[in-house]
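The form predicted on its own is given below as one chain in structure tokens.
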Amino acid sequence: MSLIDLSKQVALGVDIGGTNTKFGIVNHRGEVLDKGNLKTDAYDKVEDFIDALYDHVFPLMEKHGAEKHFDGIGVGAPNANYYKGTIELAPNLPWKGVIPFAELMTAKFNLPCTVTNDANAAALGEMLFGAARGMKDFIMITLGTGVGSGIIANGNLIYGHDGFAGELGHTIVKPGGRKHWSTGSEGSLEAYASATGITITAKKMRAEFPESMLNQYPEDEINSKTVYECAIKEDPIAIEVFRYTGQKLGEALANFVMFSSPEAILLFGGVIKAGDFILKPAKLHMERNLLPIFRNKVKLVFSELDEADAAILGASALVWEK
């Protein structure tokens, strides 16, 4: 029986966003050997998008193909169904309906293809290459424009019976609360703890406190970044924006802990750049809302993956998940 040289095994990781798609060739050590990107929204037909992706990727595959073996393709995408290999009713992609994406990719690239949503992919990437190495029970929360999540229990990603489990960002943290700009639900975690939610909170609070530094910015420049800039200058209203956001996040995290009793909750995304402004209140309100048997057991940890490459690493991890 011949031995497998893992140093020569590579995967293609593809992260599909509403505007941009990132791709890269990744090895077993989590090193991105080559990468690139293209515009997702430039292609009205998914077949045209896959053709363009192939044209971008094939030169890289040829470059590494002589000395590497491609095990497959992993794709992170909105509303991706792991079981069926489909992208279904994704509101922020130009291709409508149910797309047999993995099947189309395999036909074009002649490689096995696995898909899941981007937050699930991030959780797998963290387990293989990041801060969750060696952990069998953890929850990944991605805090960006929206709030995504991936749940690992007993070493396995939780997909549910239909492939769509783990939408923790859309759980209700304040019944009858803030209306979500896209789903229409009232009081979801995403409406408060995402960068978009922080922007809404900041605009509301600065209107109530004219003395806040936040009022030095035009309306269209208020975002999580400008809130952070004011917070580090000790503006109390900016600090309160993050405290309130952290409270809502922490209350939600308490529910998540009591659901799956994870070893850790990993936080990833642009929002975590706020650091302790958001982490301290999140930790405080998580612990405050836990039953005693769960308290002081769960670590809140920042991701160790490089933000620029995390999506590619997560997608490539799908190839080696099994």
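Bear in mind the structure is a predicted one, so any value in this text is a computation, not a measurement. Start at 1 and count along the sequence shown; that's the residue number.
The next section is about a form of this same protein that is not shown, the form predicted together with a further copy of the same chain.
Note on the partner interface in the model of the complex: the residue among W95, F164, Y244, Y228 having a heavy atom within 4.5 angstroms of a further copy of the same chain is F164. Listed residues A42, M258, L33, L284 were compared with a further copy of the same chain in the model of the complex; M258 is the one with a heavy atom within 4.5 Å. Listed stretches are 195 to 203, 233 to 241, 212 to 220, 136 to 144; the contact stretch with a further copy of the same chain in the model of the complex is 136 to 144, by a heavy atom cutoff of 4.5 Å. Contact annotation for the candidate site: V173, N289 and F294 all lie close to a further copy of the same chain in the model of the complex (heavy atom within 4.5 Å). Interface membership of P100, defined by any non-hydrogen atom within 4.5 Å of a further copy of the same chain in the model of the complex, is ruled out.
Within 4.5 Å of any heavy atom of a further copy of the same chain in the model of the complex lies no heavy atom of D71.
Not displayed here, a further copy of the same chain is kept clear of L128 by more than 4.5 Å at the level of heavy atoms in the model of the complex. Of the heavy atoms in L104, none are within 4.5 Å of a further copy of the same chain in the model of the complex. Contacts between stretch 8 to 36 and a further copy of the same chain, counted in the model of the complex as any heavy atom lying within 4.5 Å, involve no residue at all.
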